[in-house]
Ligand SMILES: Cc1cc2nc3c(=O)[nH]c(=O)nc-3n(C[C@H](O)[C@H](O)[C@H](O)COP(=O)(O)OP(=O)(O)OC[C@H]3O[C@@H](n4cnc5c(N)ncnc54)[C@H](O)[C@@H]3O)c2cc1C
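Before any questions on binding or motion, here is one chain by itself as structure tokens, the form predicted on its own.
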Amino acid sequence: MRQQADRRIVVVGAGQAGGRVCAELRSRGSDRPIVMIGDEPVPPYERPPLSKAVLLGLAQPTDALVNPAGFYAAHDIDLLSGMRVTAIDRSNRRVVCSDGSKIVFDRLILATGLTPRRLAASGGDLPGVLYLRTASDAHELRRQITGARPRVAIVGGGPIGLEVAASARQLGLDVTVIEQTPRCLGRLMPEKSARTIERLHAERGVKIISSQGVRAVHGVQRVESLVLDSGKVIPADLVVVGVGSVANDDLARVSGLATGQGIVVDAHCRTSDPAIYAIGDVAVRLNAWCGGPTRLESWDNAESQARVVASHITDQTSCTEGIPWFWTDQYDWNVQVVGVPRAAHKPVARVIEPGRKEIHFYLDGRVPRSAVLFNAGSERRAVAAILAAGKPCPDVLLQDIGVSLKGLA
């Protein structure tokens, strides 16, 4: 038994990154004992459907499992659901669980994810003020949003907020988005692309109020209205908050690992303790595309870092860093961001179908560095190849839909 413990891999966090790293380890031939510990009472599932198909009633939160339900038992992975890790005992190479048990590890992988940032306004804890991160959150939001056809206010014009706005409008609800900065999606894409998404929502009846924060939430037994910085009152029967996130790095920080708005890792996703790794939303890793250490919150990043860690633990060729890639589905639109768009870069639009299908390239001088694709997902690989090449490209060729993008890389 001690020999097994000496080889054991413990994964803390049973989300996208945690579930994928288990599968990657087994697919790469690792026969080490694996224990995965997650605080939700369900196997790892993918979160993107929560704000879309689940909210619309087209799917259940756990329909999109990372691995099939029987995968863990079939591959000798001990999945401990509904369990929290309360401490990391680095000296004795073990984790302490919420039931008092202690599990010894040889390698520890932290995939603890993030927590939605709370609304900093008086009355923000009233019933009817909701957040969306987990399957349980999605169940509750679905229940309330379909209960009495409420007026919905969404605080935060980021991807989650706008996905919820789109779903709520598709359900026929009155929707207002309140964004503290001058425009939505400010952290994700430059103004030209963000305005395209804002127009999409406005055309479908979403009211967007920008450059306004929430001063207070009013209500007696539950939320009834929001008071903005300007003093304007927005009636609301339901409020969904999407104002960013906080990395769940407490375990790492308390145990003495290097942290800074997340858990700091190297190219192999190792923390300052070489026996401990961190992956996914919680990991701060040097990324050449981002210009420095960055914490990326995306499905693709969780998948990529799971491969990096699995390859390192199994002594295989290290996986190379890919171009950051993020997508969001809103109404019947698919929007994909490749690379890291910057406001200072020049936009060049490739209009394939006016008003619906476009690619916005962003150029540093004459070199394409990033792109936002609207309903043009079939071109993503070609676009990524152009960005990876890092070569100058004339605007006219990027704009000309008669020129194949595959030939421009």
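Start at 1 and count along the sequence shown; that's the residue number. Quantities reported herein were computed from a predicted structural model and do not represent experimental measurements.
Keep in mind that the form predicted in complex with the named molecule is missing from the display, and what follows is about it.
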| property | result |
| --- | --- |
| Contact test in the model of the complex: V348 vs the named molecule, heavy atoms, 4.5 Å | no |
| Any non-hydrogen atom of V85 within 4.5 angstroms of the named molecule in the model of the complex | yes |
| Contact label in the model of the complex: Q144 to the named molecule, heavy atom within 4.5 Å | no |
| 4.5 Å heavy atom contact, P368 and the named molecule in the model of the complex | no |
| Option touching the named molecule, based on a heavy atom within 4.5 Å in the model of the complex, out of A166, V309, I263, A111 | A111 |
| Answer option from F71, W289, W299, W333, heavy atom within 4.5 Å of the named molecule in the model of the complex | W299 |
| The named molecule in the model of the complex: contacting segment from 196 to 204, 238 to 246, 112 to 120, 171 to 179, heavy atom within 4.5 Å | 112 to 120 |
| Contact set, 266 to 280 vs the named molecule in the model of the complex - heavy atom within 4.5 angstroms | I279, G280 |
